[in-house]
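First, one chain by itself in structure tokens, the form predicted alone.
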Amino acid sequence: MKHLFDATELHGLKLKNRLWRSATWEALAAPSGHFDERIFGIYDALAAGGVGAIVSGFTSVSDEDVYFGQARLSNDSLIAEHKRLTKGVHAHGTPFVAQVALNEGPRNPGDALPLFAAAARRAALAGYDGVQIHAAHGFYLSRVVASSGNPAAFFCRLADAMREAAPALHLTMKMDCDDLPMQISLEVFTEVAAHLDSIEVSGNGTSVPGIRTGRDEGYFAPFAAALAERTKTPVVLVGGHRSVECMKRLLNTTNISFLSLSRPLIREPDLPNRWLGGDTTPAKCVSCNSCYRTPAHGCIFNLHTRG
């Protein structure tokens, strides 16, 4: 029987529970990719809040990439501040995974391979415990590669190139299960998963509004459960988790290994510690999505409370 607060170990990661913080865009970097000072407080609060592992927000692998407020791991001048960030997270005993991505990339996807491999090398130098390839949500890899004739072959080449560049790092990938018309099939997920240490199942409509506890949670669960039946690679599921009860049911009626959260941890970065402490009332997040329109993507309710 799996428990939400099981301690587990994966390649490169020692986790105190089965909860991951799914990558969340903070829009807190200069065009150069250097961090705004506020980013350090956000990650310190998340790590102190008890989550098992943290995946960073969108971090570009290219100096030329354009996306508002994105951090970068695209040149060596950025490593020092990433070291500061990882040191702060590690002070709380929390593994830290850098999500590496492209919004706009080369016309030939093969030309992106060295960019991602170099970013993985920098992530290792900066002290990250892993890297997550962002192949979801309409960004470059899902938009260009997933619509090609053989996405599995490219994703496997990419994973292998990053593994070679940083073999000690935990290697994971975030992929869409329902991003029509560029849907990635269960067969592709399964083939790619074999080249990874874990795989996160998402979809292009991940921030579904108005989640009702016990009714709308885990909306990508059917696909993730089917994948978990076909692969030995641990499956991480994001999408609408709000209650301990529903998460426990998912863990123990499927082979899904981990559950990741985004919006609930924006409102309550200490949510895992609250649940562990015995207060298992559902997350306070009401899925209003107002956090997408606030400074640093903070919870509107927290902003009002601070006055």
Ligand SMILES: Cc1cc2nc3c(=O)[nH]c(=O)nc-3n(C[C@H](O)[C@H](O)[C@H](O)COP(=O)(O)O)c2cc1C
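Just count from 1 along the sequence shown to find any residue number. All values reported here derive from a predicted model rather than from experimental measurement.
The form predicted in complex with the ligand is left out here; the points below concern that form.
Asker: Pick from 273-281, 54-62, 244-252, 30-38: which stretch has a heavy atom within 4.5 Å of the ligand in the predicted bound form?
Answerer: Only one stretch passes the 4.5 Å heavy-atom test: 54-62.
Asker: Could you check which residue among Phe154, Phe223, Tyr219, Tyr140 gets a heavy atom within 4.5 Å of the ligand in the predicted bound form?
Answerer: If I apply the 4.5 Å criterion carefully, the residue I get is Tyr219.
Asker: State the residue from Ser147, Asn75, Thr190, Ser207 whose non-hydrogen atoms include one within 4.5 Å of the ligand in the predicted bound form.
Answerer: Checked against the cut-off, the match is Ser207.
Asker: Is there any non-hydrogen atom of Val238 lying within 4.5 Å of the ligand in the predicted bound form?
Answerer: Contact with the ligand, yes.
Asker: So, in the predicted bound form, is Pro269 in contact with the ligand at a 4.5 angstroms heavy atom limit?
Answerer: Close contact is absent here: in the predicted bound form, Pro269 is far from the ligand, nothing within 4.5 Å, heavy atoms only.
Asker: Taking the ligand as it sits in the predicted bound form, is Leu261 in contact with it (heavy atom to heavy atom, 4.5 Å or less)?
Answerer: Heavy-atom contact with the ligand at 4.5 Å: present for Leu261.
Asker: In the predicted bound form, does Ala23 have a heavy atom within 4.5 Å of the ligand?
Answerer: Contact check for Ala23: yes, within 4.5 Å of the ligand in the predicted bound form.
Asker: Residue by residue through 89-109, which ones have a non-hydrogen atom no more than 4.5 angstroms from the ligand in the predicted bound form?
Answerer: Only a single residue, Gln99, comes within 4.5 Å of the partner.
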